[in-house]
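First comes one chain, alone, set out as structure tokens in the form predicted alone.
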């Protein structure tokens, strides 16, 4: 199965490492270096099998290629996955992170990494002990730029504004019903932006602490996980894990648009056509969730100040998303196909 996944993949290189002390597998997928060295987060979680972990790394790395190519960021796409066993001892986490950093160091600049699902800026500090200088988003105390989550949330927020502009004629979010799925570093910050803009925010999460926080302290409407896809709203914003848009969920959707921060929201590229057929506008995830990567890379490789990074994100996401919507309408194609065409043209041009 692993062999067939790699054979059918259209990327460049896969590094496979078995971490004997913990029983974890580490995959570093280098999808493309056509625009520059590969970059992507390190995801750490338990999977039901090793093949699923590899498949996640391969798909996520391809998404990073498009994420960088659409706005013209000079990096290629990559992703690291640390697939930990279900009985993983958390006390062994620092050691495996250091071994992961040593593996990245051995690649000599082929791959740069930062936080992703299951890892934090504090984890990047540990990885950097053996992996520097190829580690982004370390804590401010360690000389890094901190978490990319707030910048990702800002990009998603401006993307939602642009979706409203396309659907309703202006970017205002006042009284628009937005359902945020997942209230982590991106979803939680997005909720803050939406609330400040006057949106009617609903949320869904499976963490009891998060539910109490947003339901009881913020007095937001909580939507149970099993009711998310059939809840009426203007904008559905997936901000948890991917593959939430599939043959089972799309027929249930009662929204005008999907615009969220999660990676790989489409279980299959064909699902973009299913959304179009239902009259649901889709903002491609790698177009509007680029803010974290754009800001961190800008601050750590180009010397941007934090306010400049925020300005770049807030201006870039709407501009590119408008291009995607215009191309999709002109060519009669899905927004996913339009975004990929823009990315592939830039990849072909090497710019």
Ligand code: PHE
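Numbering follows the first chain given and starts at 1. Being a predicted model, the structure only gives us computed values, none of them experimental.
Note that the form predicted together with this ligand isn't included here; everything after this is about it.
Position in contact with this ligand when the complex is considered in the predicted bound form, options 293, 324, 54, 317, heavy atoms within 4.5 Å
Filtering the options by heavy-atom distance leaves 293.
Quick one: from 121, 162, 263, 183, grab the residue that has a heavy atom within 4.5 Å of this ligand in the predicted bound form.
Contact residue from the list: 263.
Given that this ligand is not shown alongside this chain, does residue 40 nevertheless sit within 4.5 Å of it in the predicted bound form, heavy atom to heavy atom?
Residue 40 belongs to the contact set for this ligand.
Answer yes if any heavy atom of residue 67 is within 4.5 Å of a heavy atom of this ligand in the predicted bound form; otherwise answer no.
It does: once this ligand is placed as it appears in the predicted bound form, residue 67 has a heavy atom within 4.5 Å of it.
Heavy atom to heavy atom, is residue 116 within 4.5 Å of this ligand in the predicted bound form?
Judged by the heavy-atom cut-off of 4.5 Å, residue 116 is in contact with this ligand in the predicted bound form.
Quick one: does residue 187 come within 4.5 Å of this ligand in the predicted bound form, counting heavy atoms only?
Judged by the heavy-atom cut-off of 4.5 Å, residue 187 is well away from this ligand in the predicted bound form.
Among 306 to 314, 28 to 36, 293 to 301, 45 to 53, which stretch has residues with heavy atoms no more than 4.5 Å from this ligand in the predicted bound form?
Every other range fails; the passing one is 293 to 301.
Which residues within 125 to 152 place at least one heavy atom within 4.5 Å of this ligand in the predicted bound form?
Sequence-ordered list: 136, 137, 148.
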